[in-house]
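Below, in structure tokens: the form predicted on its own, a single chain.
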Amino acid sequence: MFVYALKRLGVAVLVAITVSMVTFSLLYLSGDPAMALAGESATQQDIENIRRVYGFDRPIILQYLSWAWGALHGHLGYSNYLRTDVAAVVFERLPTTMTLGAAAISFALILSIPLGVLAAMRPNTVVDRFALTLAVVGQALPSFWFALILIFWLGIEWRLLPITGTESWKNFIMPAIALGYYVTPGVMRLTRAGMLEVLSSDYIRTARAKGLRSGTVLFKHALRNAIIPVVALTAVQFGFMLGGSIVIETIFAINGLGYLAWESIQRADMPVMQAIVLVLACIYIVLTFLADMLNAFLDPRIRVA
């Protein structure tokens, strides 16, 4: 297990370095950053002064190493628009996005895994068709359109839930449903397929022949093996949720990283965008690493693969 963990950790570090290089290149995506900071009315002397002050006149590799070293120590740059430290702004908004992502993935798992198990236990029945229909609707329905439907019915017509803000846990219900429902079809169908394969295997028939209770066979033997690909998919989808929450946070006016990213795009505030991309990518890498470790714990065969 230790050797496997070291291998996966090495891969994670290499991916993180690659992501940092791509993130750093965002600074030059829109052209000369010195000209962007100086503004349209700046003279050539002003641009040269800014280039010298911010270190843009140094070789690109030195700029990257300096930026990466600062990022390792929690310094992610200085916002051109907000005139404050980027790290303070990003980490102030991060808990809101993490809360929304955790609520959304919890909703998706609570809905999809039981449905996938029931559909596999009763294939080609009403339950199975209902689950598959729910999956098709979830894949076809855009999350922003579903969010607007929830706002109209739950927020305006029935007045059951608040539409905007983050004052209480109720504010996260509609955004979590809108964000999590898009993930539900993939998790449900993967759970169903895994359970169908496992339930037809020899060791399940042997366990039933030994007289083990149905609950023990289902949850201790079948679901433990069928859930392994679901764990990996959940980690990936949770990472996508954090990165893709910009639409949902904008619709519900939630002051998280997604809403901050939308504001930064409008303001052309590249240091903030750099920091958001880097932080979300690192969270995604950590989630993937933890999913690999959990899968290796659930299935020892993965460790020697």
Partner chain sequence: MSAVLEVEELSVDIPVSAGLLHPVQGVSFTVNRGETVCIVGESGCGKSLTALAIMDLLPSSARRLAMRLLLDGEDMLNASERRMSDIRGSKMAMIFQEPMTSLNPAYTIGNQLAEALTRHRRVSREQARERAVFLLEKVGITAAASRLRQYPHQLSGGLRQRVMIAMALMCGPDLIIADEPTTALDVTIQAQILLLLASLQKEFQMGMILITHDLGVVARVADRVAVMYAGQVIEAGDARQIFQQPMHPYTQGLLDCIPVPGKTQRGAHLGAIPGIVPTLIGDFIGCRFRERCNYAMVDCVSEEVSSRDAVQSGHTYRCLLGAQQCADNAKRKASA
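Residue numbers count along the first chain shown, from 1. Every value quoted in this text rests on a predicted model; they were computed, and no experiment measured them.
A second form of this protein, the form predicted in complex with its partner chain, is not displayed here; the remarks below concern that form.
At a distance threshold of 4.5 angstroms between non-hydrogen atoms, residue 126 is out of contact with its partner chain in the predicted complex. In the predicted complex, its partner chain stays beyond 4.5 Å of every heavy atom belonging to residue 140. Residue contact with its partner chain in the predicted complex: residue 211 places a heavy atom within 4.5 Å of it. When its partner chain is considered in the predicted complex, residue 75 lies well away from it, no heavy atom lying within 4.5 Å.
Partner contact region in the predicted complex: 214-222, out of 214-222, 99-107, 129-137, 175-183, criterion any non-hydrogen atom within 4.5 Å of its partner chain. For the stretch 188-208, the set of residues having any non-hydrogen atom within 4.5 angstroms of its partner chain in the predicted complex comprises 202, 203, 205, 206, 208, in sequence order.
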